[in-house]
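Quick heads-up: it's one chain on its own, the form predicted alone, in structure tokens.
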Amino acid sequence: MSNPRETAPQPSLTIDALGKKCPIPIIMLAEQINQVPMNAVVAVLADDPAAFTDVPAWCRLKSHHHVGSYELPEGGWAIHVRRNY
């Protein structure tokens, strides 16, 4: 797992899904990813363990790029997704 301050790209949009169970973080990502420019990064903040695997799987399904998942100091992850289209 990477240190977010060292390697995480600066997101254009942060979606706070902390405390929400899947599939809510994915629904929030799907609804909001088109608000950022092409090739911009969206950070999904999530602490549901299912989101750790479900968001990257959604990226593969929808042909977006899972940049990385970075541990948050307070628990959970910032899951970074690059918009491909």
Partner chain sequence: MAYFDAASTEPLHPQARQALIAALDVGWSDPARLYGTARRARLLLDQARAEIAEVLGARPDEVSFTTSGTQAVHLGLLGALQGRRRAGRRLVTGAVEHSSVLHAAGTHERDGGAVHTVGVSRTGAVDLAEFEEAVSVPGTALACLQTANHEVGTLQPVAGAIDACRKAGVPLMVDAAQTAGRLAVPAGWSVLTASAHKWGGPAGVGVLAVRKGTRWRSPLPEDEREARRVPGFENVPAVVAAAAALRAMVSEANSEMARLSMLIDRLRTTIPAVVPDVEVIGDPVERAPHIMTFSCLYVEGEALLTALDALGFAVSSGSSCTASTLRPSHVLEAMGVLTHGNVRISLPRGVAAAEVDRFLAVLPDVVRRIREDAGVR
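For clarity, every value in this text was computed on a predicted model and none was experimentally measured. Positions refer to the first chain, counted from 1.
We do not show the form predicted together with its partner chain, though everything after this point is about it.
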Inset, instruction - Verify the contact flag for residue 53: yes if a non-hydrogen atom of it lies within 4.5 Å of a non-hydrogen atom of its partner chain in the model of the complex, no if not. - result: yes
Legend entry - residue 18 within 4.5 Å of its partner chain in the model of the complex, heavy atoms: no
Inset, instruction - May I ask you to check whether residue 57 falls inside a 4.5 Å heavy atom distance of its partner chain in the model of the complex? - result: yes
Inset, instruction - Report whether the minimum heavy atom distance between residue 40 and its partner chain in the model of the complex is within 4.5 Å. - result: no
Legend entry - Interface residues of 18-37 toward its partner chain, as seen in the model of the complex [heavy atoms, 4.5 Å]: 22, 23, 26, 27, 30, 31
